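What follows is one chain in structure tokens, specifically the form predicted on its own.
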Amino acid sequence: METSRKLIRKQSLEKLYNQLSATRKVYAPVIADDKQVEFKYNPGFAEVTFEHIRSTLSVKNIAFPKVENLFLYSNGKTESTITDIDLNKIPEVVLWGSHPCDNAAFDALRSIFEWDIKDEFFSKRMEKLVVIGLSCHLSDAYCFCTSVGLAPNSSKGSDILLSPLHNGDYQADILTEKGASIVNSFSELFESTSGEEVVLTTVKQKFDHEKVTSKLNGAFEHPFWVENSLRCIGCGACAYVCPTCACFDIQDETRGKNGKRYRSWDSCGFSMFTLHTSGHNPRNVQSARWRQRIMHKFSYMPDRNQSLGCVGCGRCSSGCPVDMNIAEQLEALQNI
């Protein structure tokens, strides 16, 4: 559909939030007791923050939960009964106030989960999701969205994108049919645009992702990987805060005669991720695992999925306990 633009006053924004949360689950950012920013379901509007740079964890768990049941089973003496998960019970969710980097990550996840055989769990959650994004008027040294083809006001992945105006109101870009449906349902809260200028932050471009991808094609055996992975302790923090990492493990858990099969987040940075039953591990050193992470995001995904596996949110760098900065490493890769 053709993008349209409206104005929503600050007081009308609160009314929109309250009316949405009365009928749906709204997932919105709040400042927790430890001063970290986290997304919670249906907080009061007064708790919702519009002043965050990034939440500690991404919002990918809306479409790709940390732990998700795939089916239930019951074992009898001669046969087992399998009960499928009723995907129709997945609730409608509004993601409120997520930034453009997080919203763009849904397209990257879609390129993975709907690449070959469509993952029905992921697809149903995305079908039930409406994204009301928020352009960035704040940033820090960890942000590098402009290096991966995005911007503080990128509309990719949003159904409605809110951008703050100097007078405290918000510009609303209506980008999809889902977004238009929200606006039409609450049309009394939206007005014609005023021409007021939006407030946006500036994010410096640190590297050219196309040059990085080009360099990676011939860098598999480069000494760069050993030199730049020496600090890595393989903790997996970067994968768990990343909005585009999609590795998962599948386990069965049984108690008595009943059990469940579920999947849970995993990381290619873990030493056991590629460990074979034979005991052989094709990525048996941390440098190989760090190389896999970078190659996957900036070489394999562009080639196979026609998408990048990174949105420049900076969480992996800000959350790394040994201060490995992915933007600095990609800048160095560009110049090897």
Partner chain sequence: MNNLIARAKELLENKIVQVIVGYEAGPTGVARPAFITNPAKADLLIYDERCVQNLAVYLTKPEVRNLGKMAIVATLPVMRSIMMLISEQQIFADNIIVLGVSSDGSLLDIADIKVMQAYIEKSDLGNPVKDRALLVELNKLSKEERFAYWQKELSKCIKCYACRQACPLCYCTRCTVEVNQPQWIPVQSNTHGNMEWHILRAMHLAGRCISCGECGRACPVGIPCHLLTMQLADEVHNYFKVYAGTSEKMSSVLSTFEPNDKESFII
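Since the structure is predicted, the reported quantities are computational estimates derived from the model, not experimental observations. Positions refer to the first chain, counted from 1.
Another form exists, predicted in complex with its partner chain; not displayed. Remarks below refer to it.
- The contact with its partner chain in the model of the complex, taken as any heavy atom within 4.5 Å, belongs to 235 out of 138, 72, 180, 235.
- The partner is absent here, but in the model of the complex a heavy atom of 286, alone among 299, 286, 307, 292, sits within 4.5 Å of its partner chain.
- You can rule out all but one of 299-307, 23-31, 45-53, 61-69: in the model of the complex, only 61-69 has residues with a heavy atom within 4.5 Å of its partner chain.
- Highlighted residues 149, 190 and 198: none comes within 4.5 Å of its partner chain in the model of the complex, counting any heavy atom.
- Proximity of residue 260 to its partner chain in the model of the complex: non-hydrogen atoms within 4.5 Å are present.
- In the model of the complex, at least one heavy atom of residue 253 sits within 4.5 Å of a heavy atom of its partner chain.
- Although the partner is absent here, residue 14 lies well away from its partner chain in the model of the complex, with no heavy atom inside 4.5 Å.
- Contact check for residue 268: every heavy atom lies farther than 4.5 Å from its partner chain in the model of the complex.
- Residues of 104-121 are not found to place any heavy atom within 4.5 Å of its partner chain in the model of the complex.
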